[in-house]
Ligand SMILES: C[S@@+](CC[C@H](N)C(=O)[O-])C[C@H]1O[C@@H](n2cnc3c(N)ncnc32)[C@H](O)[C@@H]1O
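Encoded as structure tokens, the following chain is the form predicted on its own, with no partner shown.
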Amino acid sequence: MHLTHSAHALAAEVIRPGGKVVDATAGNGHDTLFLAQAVGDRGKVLALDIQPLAIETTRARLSEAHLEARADLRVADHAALAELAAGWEGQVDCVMLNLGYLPGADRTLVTRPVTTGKALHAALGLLRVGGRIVCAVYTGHPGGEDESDLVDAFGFSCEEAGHDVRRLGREPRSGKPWLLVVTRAP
């Protein structure tokens, strides 16, 4: 199964109609569109990306599907997630992240370990019990393996805290993408 399909299937397991969800790295808007469909008419999506082009592309994708009203789109760094989602603590069904660069854009603009670490910790604080982080880790760019190691370490800290953690396709130093899935425990 393609990584995106796996990520969407894992997210769908925990998203409730009318729920709150976050796409912390909107990119080309595929995850944002999926999330907007999944939450239904009463749900809300917060979608962030540091690149204005990504937000424009995401907005167009949502508009084409007549789902723009379900999403709050912001040009912002995923490291600012805690501030941008203030008031949502303990209420979010799912936070999705795609790490790396924006396909079709400047490949030198990439997510970085320091900002990704902040985003992951903020995401965990936003989740309701049973809510889930689904993080797609792409390692084939400069710094990608270091970021992958940070994500893996975050997973270990979540396991130590009693949360359910799965690593799908993790092959260190392989250059292959993988998924970290963290489900918040009570």
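None of the values given here were measured: they were computed from a predicted structure. Residue positions are given as counts along the sequence shown, with the first one as 1.
Missing here is the form predicted together with the named molecule; even so, the following discussion is about that form.
- Listed stretches are 51-59, 37-45, 156-164, 123-131; the contact stretch with the named molecule in the model of the complex is 51-59, by a heavy atom cutoff of 4.5 Å.
- At the 4.5 Å threshold, heavy atoms of V110 reach the named molecule in the model of the complex.
- Interface residue remark: A76 is counted as part of the site for the named molecule in the model of the complex, having a heavy atom within 4.5 Å.
- A24 belongs to the set of residues with a heavy atom inside 4.5 Å of the named molecule in the model of the complex.
- Using a 4.5 angstroms threshold between heavy atoms, H30 counts as touching the named molecule in the model of the complex.
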